[in-house]
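Below you will find one chain, with nothing else, as structure tokens; this is the form predicted on its own, and questions on how it binds or moves follow later.
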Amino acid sequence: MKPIRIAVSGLHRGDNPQPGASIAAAIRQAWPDAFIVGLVYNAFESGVYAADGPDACHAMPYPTAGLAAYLTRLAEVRAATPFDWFIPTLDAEIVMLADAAAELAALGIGVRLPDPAMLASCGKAKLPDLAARCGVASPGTAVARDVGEALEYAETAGYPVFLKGPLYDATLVHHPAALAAAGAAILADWGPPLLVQEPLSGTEFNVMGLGDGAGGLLGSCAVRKLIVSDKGKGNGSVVVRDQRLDELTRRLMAETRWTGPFELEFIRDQRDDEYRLIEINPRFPAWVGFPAQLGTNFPAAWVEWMLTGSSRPLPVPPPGRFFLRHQIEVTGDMGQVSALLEAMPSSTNHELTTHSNKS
């Protein structure tokens, strides 16, 4: 069998970590000789410089540059450092690439992504409708075209409310002035719509998995958050087994016929002990390396799926096992940083830049 050569993005491992570094580690757990190509948007993505980091790194334009610019650069990178598959890990990448399956195939790059209709049905603005079709509870949500509409909805619902962007950002606001400021910032960064959502009090749960594209699952892992950062990220979680969570996950996968990685976010509402769906993320989460250490290796299953067209069902991780996010320092050389900075889209120099971690 020829060597595994795969590209991943999202290599930041510091505060609010991205999934790419954990995906690379999990793939190497199953295929130690796998060649990993890191696609980066910032020369200071810390995973670039880790001892177990990618074998080569290349700078990429932000998805906001558009699909044509992104695919052109992807082709340049693949010509310089060949790879067969790509696991995008950032929502903006996935939204852009979901409608580019033919273009990616023409470049010789394999992916497993939900199609645009599937993504649209799971977007924050459409999520309440999807949840209702599946018999899954969700928080009260109103979709606003601008700050004025958001203010009207919040006045009717009563403060505080969460104000969210279409892809990112969630801010708890307690009065109209705070909503206006947060709404203006979200619109400037991500554009419309704004989502006005009732806040919930309760315990947070996440479910990671792989959808098989036919309404079923190749595997899943549910965790309860133990430690939550100031950005709402789980800095510590424990594996749980709950038949209600399993059933809700199956309903959502059956309805969407989800293809590829996903993460479901729930809050178990303290008012009625009901699980309410908060978000569906179309990617592996940053904690994907945790179940891999327990023998439930989702990135390895993804690769096996690409290799053979199927994957053995993943074992369920044992409940009670937990992870804690642990910070370490990585070291590098400013020459590595300079090389990546020169290849960033803001530079007029678009020469290919490769950084090697292996001799």
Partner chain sequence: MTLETDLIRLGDLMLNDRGFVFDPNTGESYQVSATGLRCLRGLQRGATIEDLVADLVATHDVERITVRCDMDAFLWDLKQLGWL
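Numbering follows the first chain given and starts at 1. The shown structure was predicted, so the numbers you read here are calculated from the model rather than taken from an experiment.
Another form exists, predicted together with the partner chain; not displayed. Remarks below refer to it.
Out of the listed residues 241, 145, 271, 175, 241 is the one that sits within 4.5 Å of the partner chain in the predicted complex by at least one heavy atom. A heavy atom within 4.5 Å of the partner chain in the predicted complex is found for one listed residue only; from 129, 247, 230, 155, this is 247. Only one segment in the set 43-51, 318-326, 291-299, 24-32 has any non-hydrogen atom within 4.5 angstroms of the partner chain in the predicted complex, and it is 318-326. Within this chain, residue 275 lines the site of the partner chain in the predicted complex, having a heavy atom no more than 4.5 Å away. Although the partner is absent from this view, residue 164 stays clear of the partner chain in the predicted complex, with no non-hydrogen atom inside 4.5 angstroms. Taking non-hydrogen atoms only, residue 205 approaches the partner chain to within 4.5 angstroms in the predicted complex. Among heavy atoms of residue 73, none comes within 4.5 Å of the partner chain in the predicted complex.
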